[in-house]
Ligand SMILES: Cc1ncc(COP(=O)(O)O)c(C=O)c1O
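Presented as structure tokens, the chain that follows is alone, the form predicted alone.
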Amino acid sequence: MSIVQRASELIGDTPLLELARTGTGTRLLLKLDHLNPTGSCKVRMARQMIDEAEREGRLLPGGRIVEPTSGNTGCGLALVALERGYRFTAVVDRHAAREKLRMLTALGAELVFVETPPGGGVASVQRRAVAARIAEETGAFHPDQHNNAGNANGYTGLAFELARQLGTVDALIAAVGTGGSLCGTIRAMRSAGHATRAVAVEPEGSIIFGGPPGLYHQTGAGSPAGFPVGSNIDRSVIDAAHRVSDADAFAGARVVARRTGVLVGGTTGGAIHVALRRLFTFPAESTVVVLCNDAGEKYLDSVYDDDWLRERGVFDELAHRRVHRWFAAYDESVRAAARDGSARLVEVGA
């Protein structure tokens, strides 16, 4: 049994779950990184940003940290801050999942709320401005996760884990917000000699890859209109980018919950949706990994609540049935391949 003295020492070494397989031998695996402390992969980069700030003298003992967040990065920063004796202020909005805000408070964070934009949606621009003002007025350390190299550096360990667990990863699919998790992991894997394809997923309405702006309800991914895309979005390492509607993303998460008992966040549902839709396009015997970046238990009153979805016009029964059909098609392809293999064995035996 491993006994640690700090919760942050439990970061990493998260397991893999096979979600689907095709008759051609291609596997779709979930990297269950939501099983990290605080229920998110973001704790990896939160710790790294603080480590680098301490080494560089930008964060001194007893100091204060301030960061705009939709919740997951904030919870990671709050955990490391309480372990090391820092004050942490999270600049948030009401678009964030309620359970994330409760977790921040439980971890001792001070919450500063900004107004939600007219018509709803994320208040990323406002959060960023308020955090910068607080940092300037108080001298607090402002990590600026969208442009902090420590964000991407925090996923080097994730790349090593995947290589150790699987040997080869042909494609890594992940929802993109700051870009650190996907781009940081891919850069580290390629530096180690892997030729892993990077597939980025953003909500419809996000402007990261140039689509038309609009309202979306997937928290923690994408960038709204007017928000400057940060330097951690490294387009040079991204091989493909896809946009996913709220209805499809949430259907992906909900169907996976019903099939496996594993609850993942809505943005992970979007990445799963893309992976399932395209799994047959990968070469035979491919290993495709979806990064599960946060836990679905934070969204029981939103993504997993029928009434909440209907109120926002994103409950789509057809989308749910479509995901179920993809799973059924892949299951049948495996059975068909097994039947074909048995028939060939009979012919050889004859």
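Here the structure is a predicted model, which means the values were calculated and not measured. Start at 1 with the first residue shown and count on from there.
Another form exists, predicted together with the ligand; not displayed. Remarks below refer to it.
- 181 is the sole member of 181, 148, 89, 196 with a non-hydrogen atom lying within 4.5 angstroms of the ligand in the predicted bound form.
- This chain is displayed alone, yet in the predicted bound form one of 142, 100, 217, 254 has a heavy atom within 4.5 Å of the ligand; that residue is 100.
- Remark: residue 176 counts among the residues lining the ligand in the predicted bound form, judged by a heavy atom distance of 4.5 Å or less.
- At the 4.5 Å threshold, heavy atoms of residue 221 reach the ligand in the predicted bound form.
- Within this chain, residue 73 lines the site of the ligand in the predicted bound form, having a heavy atom no more than 4.5 Å away.
- The ligand is not shown here, but in the predicted bound form it comes within 4.5 Å of a heavy atom of residue 294.
- Of the candidate stretches 321 to 329, 24 to 32, 65 to 73, 48 to 56, only 65 to 73 contains residues with a heavy atom within 4.5 Å of the ligand in the predicted bound form.
- Looking at 22 to 61, the one residue that comes within 4.5 Å of the ligand in the predicted bound form, counting any heavy atom, is 42.
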